[in-house]
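A single chain, nothing else alongside it, follows as structure tokens in the form predicted alone.
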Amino acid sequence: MEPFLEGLRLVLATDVLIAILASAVYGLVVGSLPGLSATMATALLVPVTFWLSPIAAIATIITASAMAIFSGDIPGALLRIPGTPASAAYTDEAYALTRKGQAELALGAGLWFSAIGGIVGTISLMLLAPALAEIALSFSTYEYFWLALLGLMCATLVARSSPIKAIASMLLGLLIACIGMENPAGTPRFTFGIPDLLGGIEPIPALVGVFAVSEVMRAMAEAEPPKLPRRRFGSILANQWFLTKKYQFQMWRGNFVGIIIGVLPGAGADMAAWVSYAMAKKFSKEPEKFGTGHPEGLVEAGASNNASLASGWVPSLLFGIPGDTITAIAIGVLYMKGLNPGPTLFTERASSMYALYIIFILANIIMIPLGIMMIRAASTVLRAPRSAVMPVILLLCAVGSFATGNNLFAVLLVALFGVLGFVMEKNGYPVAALVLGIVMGSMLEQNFVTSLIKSDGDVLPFFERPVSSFLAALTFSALLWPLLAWIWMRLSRRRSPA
């Protein structure tokens, strides 16, 4: 009880409450602007966290990401333009409800079930993480190596693009992580005589570049979205209790799927939303109604995306392995604030963990009143001209990157990664796999080299320990899955003419 009360005291500090409220409004506004993702909203907050206390810094990341995931539903329902990738799965369904004159039902469902999903996901985090932390305390460098490699393989499996392109992006990220002399041998690598590269490539400039700057470039290359006509909304939550009772099985299934997908490294809220919407349609008693303005898919997918957001923190807090791109940013902030991820975080800093749980629940509770206000203000926010928004975002990227190291080289890095992210997205290469490679590269290498030193160069210990051999089997299965799937497809095509 004492750590819980201490965590509550940390959250009720004035600076933390102000950070939660300010980041909630910020997340709602950024998430509702078409093309600006929740990841970009989170990346832009990183420079602000330099001047905040550890709990206030994490509170901004948690609150802004939760709000942005929900508010991405607003332009999707009103303009048929998803505000975030997580909203894209059910944009057509929500827009069909709007065309039927039921915009309040579509927006209310997104708000209500996102809040429920976020709270259920937080409960899963509270139950899963401490239990897994007990097991993780017995992990050695062998297990951590396989765990990091398995996380990278999972990230390539769940990518919506070609697995080959996802693996190529991940390998490029690992190559970038090799830059500098912060390696077990202390040898400068790929520095090309540039002193600024001796310290390596920090994950934060890379994240800001590939997610924020590339979005600005993409927005400038595309046509301006249509303006939203002004209109008055009725009661936002009028029919949500009826939907909760009618589709409670779908809601709980969405929560469960979101939790499972969130725990998988590299999956994230957008994957959870797509899978849950597809499941809702496949197992529905009325599949013919999907796409015509049927709320069943909105209930399941809306509950799923926010549930995955909280459960994505499980591998991040336990092992330092990002559950998604948002938690990849959060890991950087955790290290910066001295809250190093790992099982000892739950024993030595238990009050901070309770504070994190309380922030998650508080963020999802205040999402409802603030979300209603955001929906009513949507016609004003969505009318903001892109030509005014994008330069401000670019300026924030430049100032934030300069603040990370107080040199102009970081600004140049952000610009270079912005171009790289734009080119990769344009050609179907997922930037999420690139980011995971950069974030996890040093962890992978250090555990691999340390394990080899311990075993005197023998690779058998990687497979001899029970947990290590199990993780190795999972990793090789994930690595060979695209090849096996391709062989199966080839064999199926040969059999079909016969």
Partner chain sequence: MQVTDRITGGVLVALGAAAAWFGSRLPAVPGQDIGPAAFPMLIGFGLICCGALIALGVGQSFEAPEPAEPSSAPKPRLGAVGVIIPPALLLFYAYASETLGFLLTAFIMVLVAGLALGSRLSIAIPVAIGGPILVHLAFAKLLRVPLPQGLIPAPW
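Since the model is a prediction, treat every value here as computed from it, not as a measurement. Positions refer to the first chain, counted from 1. Definition used throughout: the rigid core is the maximal C-alpha set that superposes within 1.5 Å between two forms.
Omitted here: the form predicted in complex with the partner chain. The next part is about that form.
Interface membership of P54, defined by any non-hydrogen atom within 4.5 Å of the partner chain in the model of the complex, is ruled out. At least one heavy atom of I453 is located within 4.5 Å of the partner chain in the model of the complex.
The shortest heavy atom separation between V216 and the partner chain in the model of the complex is within 4.5 Å.
Taking non-hydrogen atoms only, V467 never approaches the partner chain to within 4.5 angstroms in the model of the complex. Using a 4.5 Å cut-off to the partner chain in the model of the complex, not one of E6, M279 and T347 places a heavy atom inside that distance. With the partner removed from view, the residue among M220, A238, L127, M373 that has a non-hydrogen atom within 4.5 Å of the partner chain in the model of the complex turns out to be M220. In summary, among the residues L394, L362, I368, I123, the only one with a non-hydrogen atom within 4.5 Å of the partner chain in the model of the complex is L394.
Annotated contact segment (heavy atom within 4.5 Å of the partner chain in the model of the complex): 170-178, selected among 253-261, 279-287, 170-178, 306-314.
Shown here without the partner chain, the chain has G441, L444, E445 in 430-447 lying with a heavy atom within 4.5 Å of that partner in the model of the complex. Superposition on the rigid core between the shown form and the other one places the CA atom of S455 2 Å or more away from its counterpart. Once the cores line up, the CA of A13 ends up less than 2 angstroms apart between the shown form and the other one. Once both forms are fitted on their core, a CA shift of 2 Å or more is seen for M489 between the shown form and the other one.
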